[in-house]
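Next up: just one chain, as structure tokens, the form predicted alone.
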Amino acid sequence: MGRSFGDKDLILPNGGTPVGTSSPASSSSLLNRLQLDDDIDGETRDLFVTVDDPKKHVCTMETYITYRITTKSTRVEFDLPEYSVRRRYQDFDWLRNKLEESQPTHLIPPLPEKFVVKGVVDRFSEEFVETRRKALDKFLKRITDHPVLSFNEHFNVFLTAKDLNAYKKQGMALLTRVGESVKHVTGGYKLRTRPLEFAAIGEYLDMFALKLGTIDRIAQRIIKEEIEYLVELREYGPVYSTWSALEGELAEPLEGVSGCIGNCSTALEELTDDMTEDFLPVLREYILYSDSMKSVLKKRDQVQAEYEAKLEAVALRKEDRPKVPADVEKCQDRMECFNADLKADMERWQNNKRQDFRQLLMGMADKNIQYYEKCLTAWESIIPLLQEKQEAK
């Protein structure tokens, strides 16, 4: 209980291009040259789940989107080798709640946030639906890759039941004994001292969420400014084109500048879309992930507080050698179970985070290189036009 959590698990990696490495001849080769060294999927997988084919449903009372969930597995828990069902967001939310209830000692992956600001984001737009589909697909893959959550009965039903609503109405509350215990722990206990390793985890999560929140806010401001700059560029380019109609010798160079600005606008739009669709969602997922981890850590503390309170009650008895009651031993078992599961999930989360952020940062570097290469090519194309005019004189 007194061991500290390993520094390598608490520090964001600074992996990147080795010192002295020259820039790639082409930006497209960047990702090929930088290899990830954290392949965490070395095990033989026997469960594959994908989320695709979003469809809009317009009913009298509501309008909503459903997604096709395709499952392929060789596990004996599945009667068929392949399933295909349709689920809406609230079904994913139901699954996550059931996992939290039945697996309280484990870290449950976060869902993308349900609500959007009305008038700012159209939740039925193609871009929003695709971003959500990717997030839901990642949510299920996180569960699929987990050695415990992937065998949860609620997860099995979610993937296979044709009529999930009928299953919900049956009220199959399959809470584990640990879940029941955690659910009924009162708030009257106060934890004396959190073990050092879990205190380190709590401090790291607070700092991690703070840093990511700051990056998220700044990134959103940058994207907003890029969109405003894009609007100006789209007005700026055509001015040169209309001006060229009034000129003789300058007509061709002016048209060249107009086309150049148009190409730069297209490149900037692609960069902004990549930031919005690929960069920001990962930041938001890991901010929510840290909240989920804090929730599990809090439940662990509740169990420890309950255990400490029971021990104190036993110590206050006047017997010379008080026998440890069975409920105290069970509480100790629950605490040890929580400790083991939380540490295992934290290590898994760190591995996922390291891999996800390296891919994210390399992708961001690659996209920015592509953007500046396109702008450079566009502006270099004008130089021969200007040189020809100068030589003609």
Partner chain sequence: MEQAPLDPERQLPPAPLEPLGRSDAGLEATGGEEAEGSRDAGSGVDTMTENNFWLKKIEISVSEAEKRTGRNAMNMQETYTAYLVETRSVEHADGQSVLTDSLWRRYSEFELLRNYLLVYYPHIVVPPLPEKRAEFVWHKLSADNMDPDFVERRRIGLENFLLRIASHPILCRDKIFYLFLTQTNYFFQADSRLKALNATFRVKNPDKRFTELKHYSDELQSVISHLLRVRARVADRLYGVYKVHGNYGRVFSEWSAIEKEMGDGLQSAGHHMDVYASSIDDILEDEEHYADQLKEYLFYAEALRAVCRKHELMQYDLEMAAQDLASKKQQCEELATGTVRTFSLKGMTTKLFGQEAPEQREARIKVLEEQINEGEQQLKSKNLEGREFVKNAWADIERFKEQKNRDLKEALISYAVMQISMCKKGIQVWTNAKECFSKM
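Keep in mind it's a predicted model, so treat the numbers as computed, not measured. Residue numbers count along the first chain shown, from 1.
What follows is about the form predicted in complex with the partner chain, which we do not show.
- Partner proximity in the predicted bound form, defined as non-hydrogen atoms within 4.5 angstroms of the partner chain, places exactly one of 334 to 342, 53 to 61, 66 to 74, 357 to 365 at the interface: 357 to 365.
- Although the partner is absent here, Glu235 lies within 4.5 Å of the partner chain in the predicted bound form, judged by heavy atoms.
- Heavy atoms of Lys211 reach within 4.5 Å of the partner chain in the predicted bound form, making it an interface residue.
- In the predicted bound form, Asp301 stays away from the partner chain, with no heavy atom inside 4.5 Å.
- Contact annotation for Leu246: at least one heavy atom lies within 4.5 Å of the partner chain in the predicted bound form.
- Here is the short version: of Ala309, Leu99, Leu254, Ile287, the single residue with a heavy atom within 4.5 Å of the partner chain in the predicted bound form is Leu254.
- For the options Ile218, Val314, Leu196, Val148, the residue carrying a heavy atom within 4.5 angstroms of the partner chain in the predicted bound form is Ile218.
- Using a 4.5 angstroms heavy atom cutoff to the partner chain in the predicted bound form, all of Tyr229, Lys353 and Ile383 count as contacting.
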